[in-house]
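Only one chain is included here, represented as structure tokens and corresponding to the form predicted alone.
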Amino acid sequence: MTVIDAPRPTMTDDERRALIQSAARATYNRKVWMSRVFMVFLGLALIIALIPLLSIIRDVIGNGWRYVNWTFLSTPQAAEVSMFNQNAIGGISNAITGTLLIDAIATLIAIPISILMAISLYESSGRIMNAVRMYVEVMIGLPSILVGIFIYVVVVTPMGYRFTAFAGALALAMMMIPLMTIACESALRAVPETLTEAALALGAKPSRVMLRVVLPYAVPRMITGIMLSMSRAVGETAPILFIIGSSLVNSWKPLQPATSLPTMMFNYLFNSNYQSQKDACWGIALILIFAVFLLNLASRVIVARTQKGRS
């Protein structure tokens, strides 16, 4: 007896197209649903992170705004506080001067070293450069107080335990160099390869291509990295706390002791017996927050204006 197989049903083109569209629609809907779930979690995480941040900013502004006046900003710190007039603590002009001096010297030291290191990492490869990059990345996560101890041993101790603003600038420069190097290297790698290839195709030397093509294109992003590194250095206390000493006058001499805003705040909080000086820390904190905000805002404006001009 011969068994004849029944003909297998075949799908038409319309049915196959409908099946594919149905599967694609189900996959798309699942991805959309998962995306919305993750967006909800991200929104909740953002809210959780903003609650303490906004609370801190509210407290700093609420308690520190009354200190932001010309007298407080232009008057040096009082040498001694009288028990009969505990509010006569002076101002913070000596700390502002010291902060500007230390950060300016540190920036001048860090910028050329960081740019040269970034160019070396961009142009070269191999075990040596990979080791340099690894050490640079390790330096970024190094506790800042270790930098201060290193400068204390290497600079302050050989100078006869002489505390100077220059020693603090060296400590901040050591912290800024790794950040600036990574930022500058990223800026160089963001330059389109077509620009470099076009310049090389015209017969330009690699050094001329770097100076005339790559660096000018990368400068805005490099400036952003430099300013972000400066904003971090402005509020650092640990690396300079025990190497810059203290000064009650406005001094622009690098080889003399200096007072910075973070160290003044630390001394007011932990070494003062007067509530007026502890309360003044709110004003110092507000000024530091404002300085960091201006540096970050300036970096964003530079990038935005540059991108607008190129588009």
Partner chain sequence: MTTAIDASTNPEVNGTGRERKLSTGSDLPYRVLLIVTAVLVGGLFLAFIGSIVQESIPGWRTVGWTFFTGTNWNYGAHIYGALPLIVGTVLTTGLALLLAVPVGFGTALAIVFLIPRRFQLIISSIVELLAVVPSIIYGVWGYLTIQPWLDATVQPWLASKTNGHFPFSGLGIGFGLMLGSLVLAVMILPTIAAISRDVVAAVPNEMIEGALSLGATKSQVLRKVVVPSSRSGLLGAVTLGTGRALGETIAMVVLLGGVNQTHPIPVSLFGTTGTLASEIANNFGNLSGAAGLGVLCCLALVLMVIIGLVNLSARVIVARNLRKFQQ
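Each form is matched to the other, and the largest set of C-alpha atoms that superpose within 1.5 Å is called the rigid core. Numbering follows the first chain given and starts at 1. Everything numeric here is computed off the predicted structure, so don't read it as measured data.
Below: the form predicted in complex with the partner chain, not depicted.
Colleague: Work out which of Ala198, Met159, Met139, Ala104 lies within 4.5 Å of the partner chain in the model of the complex, going by heavy atoms.
Modeller: Of Ala198, Met159, Met139, Ala104, the residue with a heavy atom within 4.5 Å of the partner chain in the model of the complex is Met139.
Colleague: Only one of Ile223, Ile89, Ile96, Val147 gets a heavy atom within 4.5 Å of the partner chain in the model of the complex. Which one?
Modeller: By the 4.5 Å criterion, the partner-contacting residue is Val147.
Colleague: Of the listed stretches (96-104, 182-190, 67-75, 80-88), which one has a non-hydrogen atom within 4.5 Å of the partner chain in the model of the complex?
Modeller: Heavy-atom contact with the partner occurs in 182-190.
Colleague: Given that the partner chain is not shown alongside this chain, does Ala45 nevertheless sit within 4.5 Å of it in the model of the complex, heavy atom to heavy atom?
Modeller: Because a heavy atom of Ala45 falls inside 4.5 Å of the partner chain in the model of the complex, the answer is yes.
Colleague: Please tell me whether any heavy atom belonging to Tyr122 falls inside 4.5 Å of a heavy atom of the partner chain, as the geometry stands in the model of the complex.
Modeller: Yes, Tyr122 is a contact residue.
Colleague: Please check if Gly62 has a heavy atom lying within 4.5 Å of any heavy atom of the partner chain in the model of the complex.
Modeller: Residue-level check for Gly62: no, no contact with the partner chain.
Colleague: Does Val219 reach the partner chain in the model of the complex, with heavy atoms at most 4.5 Å apart?
Modeller: Val219: no, not in contact with the partner chain in the model of the complex.
Colleague: For the three residues Ile111, Val213 and Val249, which mark the spot I'm curious about, does each lie within 4.5 Å of the partner chain in the model of the complex through at least one heavy atom?
Modeller: Checking in the model of the complex: none of Ile111, Val213 and Val249 is within 4.5 Å of the partner chain.
Colleague: Using a 4.5 Å cut-off on heavy atoms, what residues in 212-246 are near the partner chain in the model of the complex?
Modeller: Result: Leu228, Arg232, Gly235, Thr237, Ala238, Leu241, Phe242.
Colleague: For Ala49, is the CA shift between the shown form and the other one at least 2 Å following rigid-core superposition?
Modeller: Yes: Ala49 shifts by at least 2 Å between the shown form and the other one.
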